[in-house]
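Just one chain follows, in the form predicted alone, and it is written as structure tokens.
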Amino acid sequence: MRVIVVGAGEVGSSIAADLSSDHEVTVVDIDGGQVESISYGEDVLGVKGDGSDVETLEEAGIEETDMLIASTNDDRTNIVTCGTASVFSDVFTIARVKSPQYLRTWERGSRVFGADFMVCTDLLAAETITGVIGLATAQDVDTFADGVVQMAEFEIPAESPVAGQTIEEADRFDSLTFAAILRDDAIIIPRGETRIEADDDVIVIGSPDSTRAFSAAIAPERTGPDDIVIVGGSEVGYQTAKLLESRGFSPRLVEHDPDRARWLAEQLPGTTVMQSDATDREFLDRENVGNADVLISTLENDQQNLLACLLAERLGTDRTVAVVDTVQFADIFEAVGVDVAVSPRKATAGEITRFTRGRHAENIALIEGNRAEVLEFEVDEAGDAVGCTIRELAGKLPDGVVFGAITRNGELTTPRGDTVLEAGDHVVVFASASAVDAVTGVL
């Protein structure tokens, strides 16, 4: 497939790097230095110019291109770029936007703005945050099969009762599959005798109830959360509060700007909006922020988010989540004490990359960048998998593959060796990066 990526910033560069191993990629950017940098570091072609200009797109080979991804930092440029590319009817277009208002408009019609698919950075970040905070110690959460199946990645704390147990001892749940353990740079496919160690990242696949039960087993002292504080009324903060309200929570939100705070109070009837500086120690003490179960920092820059989280931890807040704009800072945030760092740019790049791959699968979650994937397939009536047992299919696949869940007519089945696949089944599979092609070929 030939792909044009417009925008050579963090998101565009990440997408181009992910796609370049399997596709012919051209990157377009108005900054000649950025184009030179990515052309030198990755196996991509570079074109200097304005991606919303039809002549620039023609120079990049738009007439022979299958997909265009508009991923600059400017929403309107990305929309105009997709509109320009739509002149060439054979090109599938993807637009990245920050503002949910463009996504809402795009959802109302077919190919609005000339975009075939749209990813909203701020909404994606808010969805990631709300997915993670419902499960104690979760680092990542994704849903499959219309929400019947959930994949969750948990970090095992040293004080957890699960640390030191074998998989056989920890496996006390009816519909939960232990898919993998990430330990340092290794991906371990767990067996019954495999022992879970402190600081392991454990990936499980099962029903939402079973993942919640496993989360409670990892950290039985952490219930809830009941008291959630959001600091920063940015678009991400607003969308996060809105999602939490829709799930029955009543968060508190701290916003410094009085006009913005007033607007937020009008838009969020289930949220208590407080107008103050989120790093004011006296204010935080007065409002008992140290007693909160979770503090989510969605301020305008990384330094403020880090400061707010570290201050909250010092006051006694159980768990902190920070939005990190600079992708490379995410690991540093978690290393210095922030429990979960959510990078909107990283999430957006992952969403676009997995969409381009997902045209072969129903749904995909990328694990730790590209180290592994969780994929959902629908068993085709004419496919070779119909009538096969899981044991037979596993025999055709390399190591590093785990069948995590099967749904049939909307009901979850935990896969066993003698489970026979039927047409229309949805199969959720964990696969290490080296095994993905084999899984795609078999299913």
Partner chain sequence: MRVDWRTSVSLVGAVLKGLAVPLAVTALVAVVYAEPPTPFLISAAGSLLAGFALERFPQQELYPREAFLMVALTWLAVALVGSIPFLLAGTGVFTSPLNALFESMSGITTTGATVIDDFSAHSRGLLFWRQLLQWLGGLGILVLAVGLLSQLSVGGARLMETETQTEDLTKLAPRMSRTARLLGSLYVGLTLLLAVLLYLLFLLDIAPNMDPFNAVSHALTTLATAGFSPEPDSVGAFAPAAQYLITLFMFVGATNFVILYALTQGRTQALRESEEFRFYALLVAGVTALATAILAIDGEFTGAEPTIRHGLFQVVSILTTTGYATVDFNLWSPAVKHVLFLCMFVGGMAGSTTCSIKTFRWLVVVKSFRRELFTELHPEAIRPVRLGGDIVDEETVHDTTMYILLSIVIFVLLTVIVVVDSTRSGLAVGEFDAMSAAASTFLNIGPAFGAAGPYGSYADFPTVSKTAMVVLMWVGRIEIIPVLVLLTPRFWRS
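Residue numbers count along the first chain shown, from 1. Quick caveat, the model's predicted, so the values are computed rather than measured.
Unshown form predicted in complex with the partner chain; subsequent notes refer to it.
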At 4.5 Å between heavy atoms, only one of the stretches 127-135, 276-284, 336-344, 170-178 reaches the partner chain in the predicted complex; which one is it?
276-284
Using 4.5 Å between non-hydrogen atoms, is R183 touching the partner chain in the predicted complex?
no
Taking the shortest heavy atom distance, is P269 within 4.5 Å of the partner chain in the predicted complex?
yes
The partner chain contact at R262 in the predicted complex, heavy atom, 4.5 Å:
yes
Residue by residue through 186-210, which ones have a non-hydrogen atom no more than 4.5 angstroms from the partner chain in the predicted complex?
none
